[in-house]
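In the structure tokens that follow, a single protein chain appears in two forms: structure 1, then structure 2.
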Structure 1
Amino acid sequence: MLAFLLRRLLLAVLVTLTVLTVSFALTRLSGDLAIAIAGPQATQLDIEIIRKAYGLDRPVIVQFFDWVWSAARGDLGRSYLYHEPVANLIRARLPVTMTLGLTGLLIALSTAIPIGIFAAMREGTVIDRAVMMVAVIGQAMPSFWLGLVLIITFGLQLGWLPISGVDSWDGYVLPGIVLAFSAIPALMRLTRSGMVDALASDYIRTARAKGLSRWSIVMKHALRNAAMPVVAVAAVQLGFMLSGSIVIESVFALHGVGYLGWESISKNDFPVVQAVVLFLAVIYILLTLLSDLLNAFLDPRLRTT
């Protein structure tokens, strides 16, 4: 177990270092950063001043190690736009994105697990296939468009929920639903296949032979075994949801981390862009690490691979 843990941690560190490099290289794609920051009306003198002020006159390799060294100590640089440490900007916007992500995950799990169980109990029937087809239909909807349609329907025509912003809790309902849509099909398929396997196993036959009720067999015996991989995958799905929330945050005008990333991209605020990319990647890396450790803890066979 210890060897597995160490190997898995080393992998996480190596991936983080790669992402650090990628996020640095990303912002250097445009060629000369100083020209991009200065804007189209800048004179040669302005560009020179900016280049000096932001340390862009140093060799790229020096800039790179400066970024890695600072990031390793938790210093993600300062925003060109807000003149504030990037870490503060992210910290201020994190609650919105986390609340949105967790709301989405909660909606996804509370929809996907019951439907998955329902389909598994009717395995092979028309109902089972129809339920799985609904998952395909849900997956085909562009998330931003679904968001706009929900805004028109529930926000404007029915007036049930706010159409943008999160002044109160109900502002998270519509964006949460849209975010959940992306995760539901995977979680549903996993619940279904886990339940199908579990229901066919020997311990379920024993439970049946003991004369336990159908409810007790499904809920207590089968689900407990089928739910474990679902929980592990849910962690990874949360990572995808947090990094995908950028589209939904912009549709619903939620000022979270994704919105910050989008805003900084459109305003050439490079330190923020590279910090947000790094931040979302690290969250994903941590969640997959958690998921792998959880899996290894639950299923000892995985520890050796």
Structure 2
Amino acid sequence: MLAFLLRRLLLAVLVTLTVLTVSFALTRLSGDLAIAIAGPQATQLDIEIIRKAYGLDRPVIVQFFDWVWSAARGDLGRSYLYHEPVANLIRARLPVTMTLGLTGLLIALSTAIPIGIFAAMREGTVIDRAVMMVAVIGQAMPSFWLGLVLIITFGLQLGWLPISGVDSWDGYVLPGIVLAFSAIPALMRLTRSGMVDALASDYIRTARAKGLSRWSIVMKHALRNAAMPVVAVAAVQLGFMLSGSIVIESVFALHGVGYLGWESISKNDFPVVQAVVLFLAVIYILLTLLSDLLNAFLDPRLRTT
């Protein structure tokens, strides 16, 4: 288990370094940062002053290693727009993003697991095929389009839920549903396949032979084994949700980390852009590592891979 953990940790570090490199390179490939910061009306003197003030006159490789070293120490730079440390900006907006992600995960699990069980109990029927078709359609549906449909329907026409902001708990409902919709198909298919395999196993046939009720067989015996991979994959799905929060928070005007990233992109606040990309990527990497460890704990055969 220790060797498996070390291999996964090494892989996580390598992926993190790759994200550092790519996020830094993309901001530099977008053009001269000094010109972008100064704006179209700036003179050449203004541009040179900004280039020197932000250290953009140094060689690119020096800028890169300086940023990597600073990020490793928790210093993500200083925002050009807000004139304060980027780490403080992310810390202030993190609760909104985490609450949104956990809300989406809760909605996804509470929806996908019952539907997956229902489809597995009717394997091969019209209901089973209809559920799988809905899963495929749901996975192909753009999240921003679904968000706009929900805003128009439940926010503007019916007036049931707020369409922006999180002044109260119901502000998380619509964006949480949109986030959950992207995760429901995968969790639903995984639950169904796990339940199908479990219901066809020998210990379930033994339970039936003992005269146990259908409810007891499904919920106490089959689901216990079928739910293990679902719990592990849920960690990865949470990472997907948090990384996808940039689109959802922009659509619903939620001032979380994702919305901060969108603001920074639109206003050329490159230190914040780099930091948000790195932050969301690290969260996803850590959740993926947690999922790998949980899978290895549940299935010892995976520890040799």
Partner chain sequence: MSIRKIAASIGAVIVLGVLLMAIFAPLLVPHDPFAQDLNLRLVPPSFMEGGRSDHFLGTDQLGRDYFSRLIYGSRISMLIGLATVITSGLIGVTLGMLGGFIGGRVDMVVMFIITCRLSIPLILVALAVVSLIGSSLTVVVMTLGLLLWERFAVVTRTTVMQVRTLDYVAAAWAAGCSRTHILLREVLPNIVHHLVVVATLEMAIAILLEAALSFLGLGVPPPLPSWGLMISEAKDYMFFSPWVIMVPGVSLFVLVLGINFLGDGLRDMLGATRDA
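Here the rigid core means the biggest group of C-alpha atoms that line up within 1.5 Å when the two forms are laid on top of each other. Structure 1 provides the reference sequence; residues are numbered from 1 along it. This one's a predicted model, so the numbers in the text were calculated from it and none came from an experiment.
- Looking at the condition given, the form predicted alone, one finds it describes the source of structure 2 alone.
- The Cα shift for residue 156 between structure 1 and structure 2, taken after rigid core superposition, is 2 angstroms or larger.
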